[in-house]
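Only one chain is included here, represented as structure tokens and corresponding to the form predicted on its own.
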């Protein structure tokens, strides 16, 4: 799919002596895996080129993956910037991205801002890492994929697909994952990093199950305010991940986690759904993402309540025409 745009991207990579790779703010496993993996592929394939990974943000829970490079501003003048897993330019975690000579966008979110000189967007993909794996296999006669790079890319595929359970997972997804595993991915160590939890996080989950709120039409939600986060010694990432604990309530086809982000002066929103889309709702509240998995931001408790009410109306309308789904 999109063979011509992939060929154009490879041609640009081969033409530039300096390449900078970047991702989105508040990076998740897919953002980190796709950029770390792609950077490693480029460095191994083109040792004569200057390849940088530039990111102004950080995720503590992914610290085991390693850090980013300090890229001097003057390096951008003749550089190709490749931004991965980032739907809009305002979410690019690189304050110097405008300094690059050209920009390539590689992304799997619903297209809202085609900011690249070349834009390769496949919103049907389960992850950006799936696209990077596809890119490698398309040009495997030219590119080098080490075990390390394969591990990064596999990590992003696993995390963004909910261990291959979410929307967008296809037979092609699993075939690409299989090609990565064939490179010797140490998935046991990887999963130990990703899925073992601090005792405080487990205690928080127990608390969550006793404090989930459910609207009349079945929207499940929880507000992790500052007091709650401090009580359970949660990192911001741990608090955000709690949305995944709301996904198995019968009749609740939309579930939402609100996380007080005091440092930024807002409330971060994680929205998930089953069967019906919630991306338009996320866009209305300063966010976006995928049809059934998106993020948003609200700036007051009142705005949070308004989002809940709209989600409840959305789910009520869906149930009125589709019946009580699973």
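Positions refer to the first chain, counted from 1. Just so it is clear, the model here is predicted, and its values are computed rather than measured.
Although it is not shown, the form predicted together with a small molecule is what the next lines describe.
**Q** Report yes if any heavy atom of residue 286 sits within 4.5 Å of a heavy atom of the small molecule in the model of the complex; otherwise report no.
**A** Residue 286: yes, in contact with the small molecule in the model of the complex.
**Q** Answer with yes or no whether residue 29 is in contact with the small molecule in the model of the complex, where contact means some heavy atom within 4.5 Å.
**A** Heavy-atom contact with the small molecule at 4.5 Å: absent for residue 29.
**Q** Quick one: is residue 270 in contact with the small molecule in the model of the complex, heavy atoms, 4.5 Å cut-off?
**A** Residue-level check for residue 270: yes, a contact with the small molecule.
**Q** Using a 4.5 Å heavy atom cut-off, state whether residue 293 contacts the small molecule in the model of the complex.
**A** The answer is yes: residue 293 has a heavy atom within 4.5 Å of the small molecule.
**Q** Choose from 262 to 270, 32 to 40, 66 to 74, 45 to 53 the stretch whose residues reach within 4.5 Å of the small molecule in the model of the complex, heavy atoms counted.
**A** Correct option: 262 to 270.
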